[in-house]
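What follows is a single chain, given as structure tokens, in the form predicted alone.
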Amino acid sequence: MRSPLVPEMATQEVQLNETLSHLKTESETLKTKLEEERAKLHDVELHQVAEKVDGLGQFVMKTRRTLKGHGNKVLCMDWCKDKRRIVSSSQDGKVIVWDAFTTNKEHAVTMPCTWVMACAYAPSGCAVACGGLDNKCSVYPLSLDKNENLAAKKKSVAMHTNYLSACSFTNSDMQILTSSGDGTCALWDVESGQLLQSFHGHAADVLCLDLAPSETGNTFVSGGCDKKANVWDMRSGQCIQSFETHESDINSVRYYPSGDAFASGSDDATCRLYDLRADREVAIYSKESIIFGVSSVDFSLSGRLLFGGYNDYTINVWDVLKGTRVSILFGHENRVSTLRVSPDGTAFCSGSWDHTLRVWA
């Protein structure tokens, strides 16, 4: 004899599926309505506003230093606030602290895993954080004693359920923000390793994040494999703005120096600029001839230039206002994986799969 529950369950399932598809169509119509409302406010393009602005003259940037020492692809780098030291991480499992001026290596740590995809310098300059395929973010205090064993003082701070893609200290050494392949971002207390806030809203791997530049800034932006760039409120854990105009993974996001906009770089071979107050994309930086993805973006200190590291081994420099390319830099012998402008804006550093880092000025 058949259980009377079977047909009942079947009808319940049908009803559930109907409700789901109904909700899906409803959310799609709401999305379209929002887009239409956004479009109504769209009155003028950035490059039209910038027509009266003087163009940038020819400028020359060269490689001034080459940092050699990694045995494999350089995956991430960050500047120290002292404008001189750099931390870099690599596929060889090593994390190296360099003096960018003398090119000397000041510290080296071998991580328990290869593919150290994320590294960051603490604001005080007294510690570095890193992680990758170990799904963790570890903090190493740095001391003046060159012979000290850093690994012994290692502190595991963050734990994700998939690889760590990016990490950044907040305005103090006490908190760290991480993004991961598990689709989440999280804020951690460094001392206790406690999870302070988690951020759910990406539908796939989160690949990058950047903190708003102001001292009081309690927001950050993240980008991921769902082609979305989300702006988050750190206190509430809520996503407060979301932008979905890229056609592929977003590999890098970076705030404009004023904090009112941010740029993103994607596998769709474009960089884009999003204005937070206008709540929309205001510029696309692309050329027919550029067909390779952008791995990393950063602004000059004034915000007039946007540097992009590309998978075709080049670095393109864009005029943010006019949307034109003002320079193209050659030097790396493999794809450029990471790029950061120094805190005083006098130089920038790029890391590459050719195992080296280069300081340009």
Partner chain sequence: MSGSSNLVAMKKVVQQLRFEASINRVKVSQAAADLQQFCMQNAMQDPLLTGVSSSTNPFRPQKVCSFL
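Numbering follows the first chain given and starts at 1. On a predicted model such as this, the values are computed, not experimentally measured, just so you know. For clarity, a rigid core is taken as the largest C-alpha set superposing within 1.5 Å between two forms.
Separately, the form predicted together with the partner chain exists; it is not shown, and the next lines address it.
What stretch, of 240-248, 149-157, 111-119, 133-141, brings heavy atoms to within 4.5 Å of the partner chain in the predicted bound form? Single hit among the candidates: 240-248.
Looking at the partner chain in the predicted bound form, do all three of 50, 53 and 280 come within 4.5 Å of it through at least one heavy atom? All of them do, each having a heavy atom within 4.5 Å of the partner.
Taking 4.5 Å between heavy atoms as the contact cutoff, choose which of 83, 73, 107, 287 touches the partner chain in the predicted bound form. Residue within 4.5 Å of the partner: 83.
Residue 16, heavy atom within 4.5 angstroms of the partner chain in the predicted bound form: So residue 16 counts as contacting the partner chain.
Looking in the predicted bound form, any heavy atom of residue 205 within 4.5 Å of the partner chain? Heavy-atom contact with the partner chain at 4.5 Å: absent for residue 205.
Partner proximity in the predicted bound form: residue 315 to the partner chain, non-hydrogen atom cutoff 4.5 Å: Although the partner chain is absent here, residue 315 would stay clear of it in the predicted bound form, with no heavy atoms inside 4.5 Å.
Residue contact check: residue 64 to the partner chain in the predicted bound form, 4.5 Å heavy atom: Flag for residue 64 set to yes.
Which residues in 23-59 have a heavy atom within 4.5 Å of the partner chain in the predicted bound form? Going through 23-59 in order - heavy atoms within 4.5 Å of the partner chain in the predicted bound form - the hits are 23, 24, 26, 27, 30, 31, 34, 37, 38, 41, 42, 43, 44, 46, 49, 50, 53, 56, 59.
Classify residue 18 as shifted (yes) or not shifted (no) between the shown form and the other one, where shifted means its C-alpha moves by 2 Å or more with the rigid core superposed. Residue 18: C-alpha displaced by 2 Å or more between the shown form and the other one.
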